[in-house]
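Before any questions on how it binds or moves, here is one chain, the form predicted on its own, in C-alpha cells.
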Amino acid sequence: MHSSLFCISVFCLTFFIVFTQSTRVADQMYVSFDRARYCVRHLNGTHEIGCQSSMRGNSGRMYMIDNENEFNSYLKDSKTIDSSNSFIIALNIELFNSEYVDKLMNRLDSKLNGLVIYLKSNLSRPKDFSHDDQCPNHRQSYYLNQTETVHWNPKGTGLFFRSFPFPIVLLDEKDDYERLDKFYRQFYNTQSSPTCGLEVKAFQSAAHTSKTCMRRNEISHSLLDAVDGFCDPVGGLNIYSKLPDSLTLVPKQRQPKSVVLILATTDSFQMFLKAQGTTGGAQQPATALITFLALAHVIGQEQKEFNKQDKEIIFVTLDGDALDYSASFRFLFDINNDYFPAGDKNEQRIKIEHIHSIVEFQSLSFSNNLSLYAYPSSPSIINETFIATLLENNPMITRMKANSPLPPASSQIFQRETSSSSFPTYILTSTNENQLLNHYYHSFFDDPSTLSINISSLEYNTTTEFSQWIKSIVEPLAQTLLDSYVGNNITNVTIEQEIINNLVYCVLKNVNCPLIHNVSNQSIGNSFDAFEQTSLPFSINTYPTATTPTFPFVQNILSYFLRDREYDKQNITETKCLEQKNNDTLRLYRYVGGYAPSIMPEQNYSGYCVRSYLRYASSSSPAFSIDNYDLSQTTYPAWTESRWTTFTLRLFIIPTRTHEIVTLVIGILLLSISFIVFSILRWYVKLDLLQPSSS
C-alpha cells in the first residue's frame, strides 16, 4: 500500500512539475512588444486599403535594415533571401517610403510576410513623414475634373491609400527599438547560428469593398443574429452651436444671406494606430480647433451687440472630412433635405440661400505667416471690406492671389456642391505658395513639439509662445467680425490669456482638465476621468461604435462659451434649472460649477444654470443614409473601417537545422523513457494491489 501511495505521489509531482515548467517555458519563448502601432484596413466603394495579417498571424525570419547600403546589400544577397521561405523586415523609419517598400515587394514577392518599422528615438525622427496623398482628398475635391493637381503635401507617400497583403507595424518607443536591436545583433551572426523571427497578428475582419462588407454585416445581423459585424461606416458627429437668442421660429422667415458659418474639423488620420498613445493632429486639426473655440468665447462675451443684428453666426465642427470630406457631404445633404438644424421642428430650417459666408480654420501651423484664401474671386461676392479690415487688424495674414487654387479644406465641397456664386468662403490656413507648412500632415509625428511646446512641462495655466500666438489670431478676427456684422460699436476686443492657456492644455495634454469639469455637469465630467493625462484624440471615428471624448468635450465647451450670459446673473438653483430644461425644447439647460475666467467677478456663485443652444447630427456619409444607395457609386464617399480583435507583435528564436534535429531526437528519447518508466510503475502498482493486506 505504501509503495502504491509513493508511486501516485511521484506521478502527481511529475505532472505538476511538467505543466508548471511548460507554462514558464512558453512565457520565455517570446518577447512581446505591447506598445507597437499597427496599420489597419479601410474600405470605400471601389477598393480596400491598409494592411492585415492572416487569421492565425504572419511570421517569418527577421532581417534588420538600418540604412540604404544595408538595404541594397540585402536585395543583392540571394543566398540570404533563398535561406528562408518568409521574412519580416525590420526597417528604419527613414527608409519607409514608396520607393523602398516597392523594391522589397518586388524582390521578395510572396516571401515578404510583414514589415516592422522602427524609430530609434524621438531625436532621430524624419524631417518629413506623411503617408497621405500629395494632393489630399483629390478624389472629392472642388477640382475633381481638372487634370492638373497641386501638390499641397509634396512629401506625401500615399502609402495610407495602398493595399498591402501583409501587416505593417511601427515601433516608436526607444526601449522597444533597443530590445529589438539587442536580440537581432545577439543572434544574427552566421547561417549556422540561431536567428530571430517575428510574429505579427493583426487580422482584419473586413475585405474587398464597403459594399461587400456592409452586405456581410446585414447577413450577419439578420440571418445569424450576430452582434459583431465586419466593418463600420466612418463618421462621428457634426456639432453646431450659436448664441441661444438668435433663433428663427416658424412662421417667421429667416432672411436670405443671414447665416455666417464658422468651420473647423475634429478628425485626422494616421497610418499607424496605437491603443494607448498620441494620435497626432497638433497642427491639423488641434490648432484650428483651439482657435475656433477661443473665437466662440469672444463672440459669446460680446453677444449683446450680436443679438441686435439679423445675422446668425453658427459654429460648426465637422468630423470625417479627413477622408474625402465625408462630413461636409453629410452637412450639405442635411441642409438640402431640411434636416438642418436638427431637433425642434418649430425652428425654421436653414437652406443654401440663407448662407451669407463661410469662415474656415484649416491646417494652422505655428508660424508668423498665415494665408487667407477668398473664393470665388468675383468682387460682387467677396466682401473686400471684410478682407481689408482683417488684413489691417492682423499683419500676419497674407491674402492669396485671386483665382489661387483652394488648399485642402471643407469649403471646397461647399463650393462644389452649391453654385460657386452663392456665397464667399474665407479659409485661414498655413501655406507657403502652394504647399502646406505641416511636414507631418496626417501623421502621429504631428505632436505638440511641432508647436514648440514641451509637453512634459506644460501646466494647466502655462502661457506659452503658442498660446500667445493663438490670442494674436483670435482677437483681430473677432474684431473684424464685429466690425463687419455689428458695426464699430465695440472696440479693443480681447480674450483672457488664461482661457487660451487652458484650452491648449486640455486639447494637447490632458482632456480630463479642470475646464471640462467646470463647464459640464457632474456625470459628464466624471466620464472624462478615464482619459486622465490623455490628449484629445484626433483619428478616424466610427461613432458610436468607437467612443471618443472628443465629441462631449467640444459639445460642452462650445455651448458654454456661447451661452446666454444673462443667466449667469440670475443665480438660478439646480431645481429651477431642471424645470427650465423640461419646459424649453429649443435650448439646452445644465447646472454646472462654472468657469471663473469666463464669468464676471460680481457673479461669483456656487453653481450656474447654463442656457445654451446645441445641436449635433451624424457625420457619416449620405451614402449610408440613402435607402438602396449603391455603395459602389462615387457620388458620395463610402468609407468604412474594418473591425479587429487583437494586435500582437512577438519576437522568437528560430533554431538551426542541427538544433531542430537534436531537439527531435531528445524528445523521442524522453518519450521512450517515459513509456518505460510508466510501464515499470504500472507493473509495481499491479503487484502491490495483488498482495494481501497486512492488516
Partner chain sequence: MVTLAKKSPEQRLNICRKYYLAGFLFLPFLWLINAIWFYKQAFRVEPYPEQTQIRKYVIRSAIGTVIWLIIIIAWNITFQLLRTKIGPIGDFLTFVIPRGYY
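Not measured: the values here are computed from a predicted model. Numbering follows the first chain given and starts at 1.
Although it is not shown, the form predicted in complex with its partner chain is what the next lines describe.
In the model of the complex, Tyr440 stays away from its partner chain, with no heavy atom inside 4.5 Å. In the model of the complex, Ile219 approaches its partner chain with a heavy atom inside 4.5 Å. Among heavy atoms of Ser53, some come within 4.5 Å of its partner chain in the model of the complex. In the model of the complex, Leu558 stays away from its partner chain, with no heavy atom inside 4.5 Å.
For the candidate set Gly229, Pro405, Gly594, Pro552, a heavy atom within 4.5 Å of its partner chain in the model of the complex is found for exactly one residue, namely Gly229.
In terms of contact with its partner chain in the model of the complex, the residue from Tyr184, Phe71, Phe161, Phe203 that brings a heavy atom within 4.5 Å is Phe203.
Partner proximity in the model of the complex, defined as non-hydrogen atoms within 4.5 angstroms of its partner chain, places exactly one of 209-217, 604-612, 313-321, 97-105 at the interface: 209-217.
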